[in-house]
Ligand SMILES: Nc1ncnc2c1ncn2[C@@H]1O[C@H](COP(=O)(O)OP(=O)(O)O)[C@@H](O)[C@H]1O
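In the form predicted on its own, a lone chain appears below as structure tokens.
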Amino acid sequence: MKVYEKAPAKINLMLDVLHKRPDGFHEVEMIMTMVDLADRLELSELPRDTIIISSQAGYIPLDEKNLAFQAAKLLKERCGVERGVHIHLDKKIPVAAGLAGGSSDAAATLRGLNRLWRLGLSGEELQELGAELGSDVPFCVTGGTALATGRGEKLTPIASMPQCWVILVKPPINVSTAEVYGKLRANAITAHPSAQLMREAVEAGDFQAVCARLGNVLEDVTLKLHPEVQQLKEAMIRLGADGVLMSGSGPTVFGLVSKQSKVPRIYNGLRGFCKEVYAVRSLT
């Protein structure tokens, strides 16, 4: 038996860090949504008790370092499953990009195995398991648009993001989320984006207000480490995107675009800077 799952990328419409917690994590406020750039997973039952990961991408680990492997292992252990699975990942989301590709693969693995193994776990139970794998995994389990607090695992679903085009560009560098948070001085942040104002804009369906309220405090760190990210932001604004922001810890920059007629010019202009450029729709 086989099941198939789609694992979409996420973007942060706003990301604020409030303070560093005693447990070493940072207390955050984020509003996240999903876009139609997705990995696809094929999960096949195996007769022997083992986990096999395969992929067409030559640049991802296929062992215990892979979050999909970790998700399958966790589910097997918690639910006492003594069957095996072969998970094939058709990778489309860039890695180490601030788009939660690995987290979305883990979430899709939890959803897919819940069906394949007929475990009957609720979405909430899958989210709780996901929180053990990574801060973005619970959001990726259910998707949509949500306010995330705590270390990112406490979710409040909100109305769908206004429909628009999303242009994503990833420069040829990888950014370590741990390094970015390690260099962040939360008590030195002076300009905090507002989760409340962004939520109001999203729930009102006000695209221009969403663009005006984009904000990410991690930009200060990543842009200093990698000035080319700032250059991409400036290029995207110059080419006519309505709102531009770095997603997560970067280095991917996204532009929100309301008019389809603007998309080819922005896409082609950015291809002059970078190979990895994607024009996709926001997901509702």
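Owing to the predicted nature of the structure, the values given are computational and were not obtained by experimental measurement. The first residue of the sequence shown is number 1, and the count goes up from there.
The protein also exists as the form predicted together with this ligand; that form is not presented, and the subsequent description refers to it.
Undergrad: Heavy atom within 4.5 Å of this ligand in the model of the complex: which of 96, 209, 158, 81 fits that? Just give me the one.
TA: Exactly one residue meets the criterion: 96.
Undergrad: Have a look at 217, 51, 37, 60 for me and say which one sits with a heavy atom within 4.5 Å of this ligand in the model of the complex.
TA: Here the answer is residue option 60.
Undergrad: At the 4.5 Å heavy atom threshold, is residue 112 in contact with this ligand in the model of the complex?
TA: Outside the cut-off, so no.
Undergrad: Whether residue 89 contacts this ligand in the model of the complex should be assessed with a 4.5 Å heavy atom distance threshold; does it?
TA: Result yes; residue 89 sits at the interface with this ligand in the model of the complex.
Undergrad: Does any part of residue 245 reach within 4.5 Å of this ligand in the model of the complex? Heavy atoms only, please.
TA: Close contact is absent here: in the model of the complex, residue 245 is far from this ligand, nothing within 4.5 Å, heavy atoms only.
Undergrad: Decide whether residue 33 counts as a contact residue for this ligand in the model of the complex under a heavy atom distance cut-off of 4.5 Å.
TA: No.
Undergrad: Tell me which of 66-74, 255-263, 42-50, 232-240 has residues with heavy atoms within 4.5 angstroms of this ligand in the model of the complex?
TA: Heavy atoms within 4.5 Å of this ligand in the model of the complex occur in 66-74.
Undergrad: Along 206-230, which positions have a non-hydrogen atom within 4.5 Å of this ligand in the model of the complex?
TA: Read in sequence order, no residue approaches this ligand (within 4.5 Å, in the model of the complex).
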